[in-house]
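One chain is shown next in structure tokens, namely the form predicted alone.
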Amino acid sequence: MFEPYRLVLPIVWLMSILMSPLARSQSDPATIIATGNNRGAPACSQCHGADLNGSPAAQIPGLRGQSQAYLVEQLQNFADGKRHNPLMQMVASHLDEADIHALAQYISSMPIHNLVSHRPKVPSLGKMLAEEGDPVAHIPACLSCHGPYGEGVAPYIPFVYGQPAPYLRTQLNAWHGGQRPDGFGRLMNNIALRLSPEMIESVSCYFAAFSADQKATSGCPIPVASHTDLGQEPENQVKSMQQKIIDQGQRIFDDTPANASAYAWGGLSCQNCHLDHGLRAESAPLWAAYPIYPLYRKKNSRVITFAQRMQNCFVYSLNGKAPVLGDPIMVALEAYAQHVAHGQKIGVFLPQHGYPPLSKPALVPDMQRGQQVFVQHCALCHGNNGEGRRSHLNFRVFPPLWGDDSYNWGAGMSRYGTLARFVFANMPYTAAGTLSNQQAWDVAYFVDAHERPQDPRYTESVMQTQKLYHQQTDSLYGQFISEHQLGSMPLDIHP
């Protein structure tokens, strides 16, 4: 005979256990943050504060708003002993996988505290490294990966703005000395190895200066007023106006969709192909390109000026619309190019003026091998589907490599031979030169074997356009990949 109470009592007993404070503490993130768990992990708030904003006085970082994947990785590294900190190793050892993932999800959903919309104006070595980098030393700008304000880019690039300077110093020194793991292409290990103690000190102070808590800048020099804050003498006003145009040109160059939205509305900026603000050698740097124009260009079948070359970039590489000659956008960009090319000889082709030559690969470029290279070396920054990545403030930090927002079929990068030269010389971003010749060709083929916006020169049909403009052996336009004919996207007419 069926006796319902025999089933009900165990269910009631089980529910009472699950609803008890002891059971809730297992993986309830709010409980772990406030009081710890029942396996010996202390409360996160004891060190990081009730609001998880950290403690500058104790050199403890803020946590709220860090990406979920980054937090999971760091807690696992502490638990495994890969990242060294006695206190955090003890805490992490008392968290199981459910605790770690619950905490990471909860903390990542918290808005970053007092996210600023300005940068420190104090001129310093740290400011230069953070905002400009050092192309000669192959040190990219910190903000080129961490976002325009150091606000972080999911999944694995943390926010660094406002973190205590002593904490940042410690981490940079740990990367420099190889004591902190970096499993994604050794991005930070490669950068930190190029930083001198003075650079580490100064850039740590730069990011700490974003904090409203003066203790965050413990050990940093007291800021002095910038000359730009003191006003300009009348005789310097002309120079000041010139510098404003140059600065505007750099802003357009660095973030073209944000500063030239009427002409570039996709996901690419000038510096995505001309790295480090157009200054990096072997990345078609502006200082080597500007002096060689006017120049005959086969694509145009005539001699063109530097301004006309930039118009081509807007149409093809940025998949936008060319500003007319003399437009303020064009004037600002040309002023910036002239500025960085100051002192170079006119009409002289420098060895680093474009992308360096690359010998043919031993094997025919292959889609499958290219995908493996992409997953291992490229997806971290460009996304698993080549969509690029945005920062917490929705700034496009890493560009899309295919799809609606990428370069179109008329761009030079759509030829996988050109892309392979760029990749071999410059990628991965902080570890240039680590890919083999074969890997560069394979991953370039993989990227360019994806659909992208139509060639603006489209004529009648894909086959006719291919016949007219894509007879090069390294162009995949019109080819069939997985039964899809590349180049078959309709011509998108933007306003």
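Here the rigid core means the biggest group of C-alpha atoms that line up within 1.5 Å when the two forms are laid on top of each other. Worth saying up front: this structure is predicted, and the values here are computed from it rather than measured. Don't overthink the numbering: it's just position in the shown sequence, from 1.
Keep in mind that the form predicted in complex with heme C is missing from the display, and what follows is about it.
Contact check at 4.5 Å (heavy atoms) against heme C in the predicted complex: all three of L187, S269 and F306 pass. With the partner omitted here, the stretch from 155-163, 338-346, 208-216, 361-369 that lies within 4.5 Å of heme C by heavy atoms in the predicted complex is 155-163.
Heme C in the predicted complex comes within 4.5 Å of a heavy atom belonging to P61.
Heavy atoms of P456 never reach within 4.5 Å of heme C in the predicted complex, leaving it off the interface.
Among residues of the shown chain, Y469 is not one whose heavy atoms approach heme C to within 4.5 Å in the predicted complex. Among residues of the shown chain, A332 is not one whose heavy atoms approach heme C to within 4.5 Å in the predicted complex. Checking G354, P135, P148, G403 against heme C in the predicted complex, a heavy atom within 4.5 Å turns up for just one residue: G354. Among K127, H176, R83, H101, the residue placing a heavy atom within 4.5 Å of heme C in the predicted complex is R83.
With contact defined as any non-hydrogen atom lying within 4.5 angstroms of heme C in the predicted complex, the contacting residues in 392-430 are V397, F398, P399, P400, L401, Y407, G412, M413, T418, L419, R421, F422, V423, M427, P428, Y429, T430, given in sequence order. The rigid-core alignment places the CA of G320 less than 2 Å apart between this form and the one not shown. Here L333 counts as shifted, since its C-alpha moves by at least 2 Å between this form and the one not shown after the core is aligned. After superposing the rigid core, the C-alpha of C273 moves by less than 2 Å between this form and the one not shown.
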